[in-house]
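Here we start with a single chain on its own, the form predicted on its own, put down as structure tokens.
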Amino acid sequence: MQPKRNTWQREAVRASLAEAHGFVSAQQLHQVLRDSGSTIGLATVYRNLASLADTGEADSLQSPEGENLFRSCATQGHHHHLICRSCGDTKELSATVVEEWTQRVGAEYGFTEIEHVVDLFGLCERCRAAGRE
């Protein structure tokens, strides 16, 4: 894959994503950019978020409601997330047990090159103590 050109739009999306707390949707990020005076379009935000996820600069996951969410990636390589449904606080997990299980199940059925996505959603201690849902 050829590296993407660094345009002002890509840099704006990258910088705004780095400042975001937890995972955000393209719409949320677009609104933050617009509120700060940017003229960037929503389609451009979507395109740049997808590109950042493809290059490993951003994590991407699907919320329980089916919406694609993104955040600036702090960990290189495959990993999983524990995400607060209320505030979006995120912990990165290595989940060795999950990795071993996926390989074992794949081998049992004759599959190789197994890929998977495991993200856990719950309420963090702060939100639970505040009575948030």
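Source: prediction; values computed, not measured. Numbers follow the displayed sequence, beginning with 1. The term rigid core refers to the maximal set of C-alpha atoms that superpose within 1.5 Å between the two forms.
One more form of this protein exists, namely the form predicted together with another copy of the chain; it is left out here, but the text below deals with it.
J.: Even though another copy of the chain is not shown here, does it sit in the predicted complex so that Pro64, Ile114 and Arg128 each have a heavy atom within 4.5 Å?
T.: Checking in the predicted complex: Pro64, Ile114 and Arg128 are all within 4.5 Å of another copy of the chain.
J.: Would Thr102 show up as a contact with another copy of the chain in the predicted complex if we use heavy atoms at 4.5 Å?
T.: Yes - in the predicted complex, heavy atoms of Thr102 and another copy of the chain come within 4.5 Å of each other.
J.: Even though another copy of the chain is not shown here, does Val97 get within 4.5 Å of it in the predicted complex, heavy atoms only?
T.: Yes.
J.: Residue-level question: is Glu92 within 4.5 Å of another copy of the chain in the predicted complex, judged on heavy atoms?
T.: Yes, Glu92 lies within 4.5 Å of another copy of the chain in the predicted complex.
J.: Against another copy of the chain in the predicted complex, would Arg34 count as a contact residue? Criterion: heavy atoms within 4.5 Å.
T.: Taking the distances in the predicted complex, the answer for Arg34 is no, it never comes within 4.5 Å of another copy of the chain.
J.: Another copy of the chain isn't shown here, but in the predicted complex, which of 104-112, 23-31, 42-50, 70-78 has heavy atoms within 4.5 Å of it?
T.: That would be stretch 104-112.
J.: So with the core overlaid, does the Cα of Phe121 end up 2 Å or more away between the shown form and the other one?
T.: No; Phe121 is a residue whose C-alpha shifts by less than 2 Å between the shown form and the other one when the cores are overlaid.
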